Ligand SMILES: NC(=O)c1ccc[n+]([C@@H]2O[C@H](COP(=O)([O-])OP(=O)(O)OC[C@H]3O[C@@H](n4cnc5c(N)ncnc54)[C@H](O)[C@@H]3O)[C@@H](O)[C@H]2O)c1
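As structure tokens, one chain now follows by itself in the form predicted on its own.
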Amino acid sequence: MNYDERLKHVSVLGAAGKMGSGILLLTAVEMADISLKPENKGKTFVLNAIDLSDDGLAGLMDYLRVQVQKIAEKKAVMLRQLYADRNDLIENFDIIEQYVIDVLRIVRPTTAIETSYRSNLIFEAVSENKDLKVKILKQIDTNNPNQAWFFTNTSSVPIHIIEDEAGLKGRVLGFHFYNPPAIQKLVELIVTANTLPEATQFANSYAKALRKVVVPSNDFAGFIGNGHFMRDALHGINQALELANTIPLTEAIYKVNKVSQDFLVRPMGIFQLIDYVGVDVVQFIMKVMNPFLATEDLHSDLLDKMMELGVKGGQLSSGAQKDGFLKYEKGSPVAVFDSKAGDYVAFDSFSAKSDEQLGALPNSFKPWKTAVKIAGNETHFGPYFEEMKTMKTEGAILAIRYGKRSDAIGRQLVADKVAHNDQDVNTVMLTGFFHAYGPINSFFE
């Protein structure tokens, strides 16, 4: 079965979710482009969008229509070539409209998992729950005579466990899109000792067609991305708790968030990133990873407390940020949650004092939006952190400590053979987390 044939009948599980909808969009467009090739004219391509929620599926189709329209507008020249045999399609808007119709025609929204029983390829994007994943994949495989391949979007569950418990014998691999899949360029590819070579080859070809950057990770819980992020987040949480011995925890959280964003020149502070991913998701991923770690404990009582109080973060269906450790107005944090009082404390009530205590940024500071665009920005960050090391302010000391810990986490991922090399760790953080520089660096030596 060649590449085109593998994509003739595909299913996406969890298609109405945040990750599933993006995977579905990308796959629908790829399948439509293949179906329009001269050699595939007259062939039927089917993409089952499977989800439990009828309302979610209705919203999914609206999302697809809008997104495919945008994609079509950006590649009108290519579409004119694809529709070269259609004399009735003259104007660009006619071609774009036809393309939207052709993409949506491939997608079949349904709540019936049975539709996947005829698929050759199944993308799994259900919740990060090993038992649920195994149950669903095993059910499909038992009823699917096609020896289908399964691409799981898990960000933490070891693939060999899913493979063994679902009895998939080399026909499952980890294909971890980053959020949101339609925008993020990174994919972590995880195979087992049994993964079929042709499945790996297909995965790389599919990723190339989607113009994704593929980083291979070995099959350890959390892989590279969450392997680094979870430990980085725990360091930030513990740093705030240490500061809270002398100042209110709300102010400590504010300081660590500011240090990890401004002083370390990241797109988000660590508590804002936890909120973006979801307090509940971060806690759950740590729980998934923890049983596989012999020498460390990925656990936070503060995360447990936030969950007990129902403060979960994450996003609304509109994409707007929900309140978590921080409260947001128009997408920007404006307050910190006080877990003792059960309410938010506005930045305005303490930020000036906290900023003064942290001290000024280095003179060579450039904000993330500027620094990330500097060609060869290593030449900027070397002197920047050297300057910071000479400063004796609280902010500089916390930042260097944080940077050293981030570097150590990255190096340990390589030493533990989760990542193949330093560059793979850095590529994940640069591409998947939009950092301006890789965590494994000489800056913090």
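Note that residue numbering begins at 1 and tracks the sequence as displayed. The structure displayed is predicted, hence computed values, not measured ones.
This protein has a second form, the form predicted in complex with the ligand, left out of what is shown; the following refers to that one.
> Give a yes or no for residue 58: in the predicted bound form, does one of its heavy atoms lie within 4.5 Å of a heavy atom belonging to the ligand?
No, residue 58 is distant from the partner.
> Look up in the predicted bound form whether residue 136 has a non-hydrogen atom within 4.5 angstroms of the ligand, and give yes or no.
So residue 136 counts as contacting the ligand.
> Heavy atom to heavy atom, is residue 413 within 4.5 Å of the ligand in the predicted bound form?
Heavy-atom contact with the ligand at 4.5 Å: absent for residue 413.
> Answer for residue 407 alone: is it within 4.5 Å of the ligand in the predicted bound form, judged on heavy atom distances?
Heavy-atom contact with the ligand at 4.5 Å: absent for residue 407.
> Taking 4.5 Å between heavy atoms as the contact cutoff, choose which of 183, 341, 101, 132 touches the ligand in the predicted bound form.
That would be 132.
> By the heavy atom within 4.5 Å rule, which residue out of 357, 194, 92, 179 makes contact with the ligand in the predicted bound form?
Only one listed residue qualifies here, and that residue is 179.
> Want to guess which of 70-78, 344-352, 153-161, 206-214 is within 4.5 Å of the ligand in the predicted bound form, heavy atoms only?
Looking at the partner contacts, the answer comes out as 153-161.
> Is any part of 1-36 within 4.5 angstroms of the ligand in the predicted bound form by a non-hydrogen atom, and which residues would that be?
Heavy-atom contacts within 4.5 Å come from 14, 16, 17, 18, 19, 20.
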